[in-house]
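Taking the form predicted alone, here's one chain by itself in structure tokens.
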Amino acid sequence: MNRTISFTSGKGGVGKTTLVCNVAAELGRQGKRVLILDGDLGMANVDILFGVRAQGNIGQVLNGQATIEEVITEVAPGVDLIPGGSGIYGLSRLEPLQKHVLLDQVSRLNRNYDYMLIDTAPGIDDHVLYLNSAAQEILVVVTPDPTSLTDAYALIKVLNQRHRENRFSVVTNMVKDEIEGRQVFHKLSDVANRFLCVSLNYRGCIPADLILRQSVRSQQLVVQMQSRSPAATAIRALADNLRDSQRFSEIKGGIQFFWNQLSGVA
């Protein structure tokens, strides 16, 4: 059984991409095979955070200029990346031929993955909603910033009303400690439970950590650079939490279902 998890947010600057990269690296260190889909075009920098420069993107696959095997880039032990490129915007409105090409390419993948992590752009654009609705688990990243809470609620509301999503996971980032992390979650959960028919699941918190900011600036992963730092310890706990939970696996299918959903055949 493989799993697909989208990392998403209502606004930018909440540390979503940094979490994706570090969680992926940690799962890879544990012997899991991980595929990252970079769907954040505004800040498409997953390869940069790994210190790697991708040579292709999914747009080239859809246009027949490259195979998916050719654009997949190994960024860490056990971790591969599909760079997004401009093709990500087109995933929500593929032509019939492109749907056929995408499914054909995915079916030819000769690599077996345990996880697929999708790094979405922030906000509620159609392509963001599309990627989230195809994933098994939607992980909303939120910070104590009031605008982050407001925008996270808006994202959850739109996904609930337009795509009938009613289960969400939440991780709080850049918090002082576990107490503040849970307080931020409960603020979001209380409002969502009051006005929406949704279920929010607390996945944990990541503390504000100077070492984490330094690792991003130096294009390194904190789980590799300073594995005993507070942020690295919290990210390992988040990876363990995601790995051990099978709750969402019963609701939707795995990686093949994700691609089928994007292609409109699921």
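One rule holds for the numbers: they count along the sequence shown, beginning at 1. Note that the coordinates shown come from a computational prediction; the quantities given were computed from them, not determined experimentally.
Another form exists, predicted in complex with a small molecule; not displayed. Remarks below refer to it.
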- Message: Exactly one residue in 206, 58, 223, 37 has a non-hydrogen atom within 4.5 Å of the small molecule in the predicted bound form; which is it?
- Response: 206
- Task: Spell out, yes or no, whether the shortest heavy atom distance between residue 181 and the small molecule in the predicted bound form is within 4.5 Å.
- Result: no
- Taking 4.5 angstroms as the cut-off for heavy atoms, does residue 24 touch the small molecule in the predicted bound form? no
- Would residue 213 sit within 4.5 Å of the small molecule in the predicted bound form, counting heavy atoms only? yes
- Message: Would you classify residue 174 as touching the small molecule in the predicted bound form, given a 4.5 Å non-hydrogen atom cut-off?
- Response: yes
- Stretch in contact, per heavy atom within 4.5 angstroms of the small molecule in the predicted bound form, of 63-71, 193-201, 29-37, 213-221: 213-221
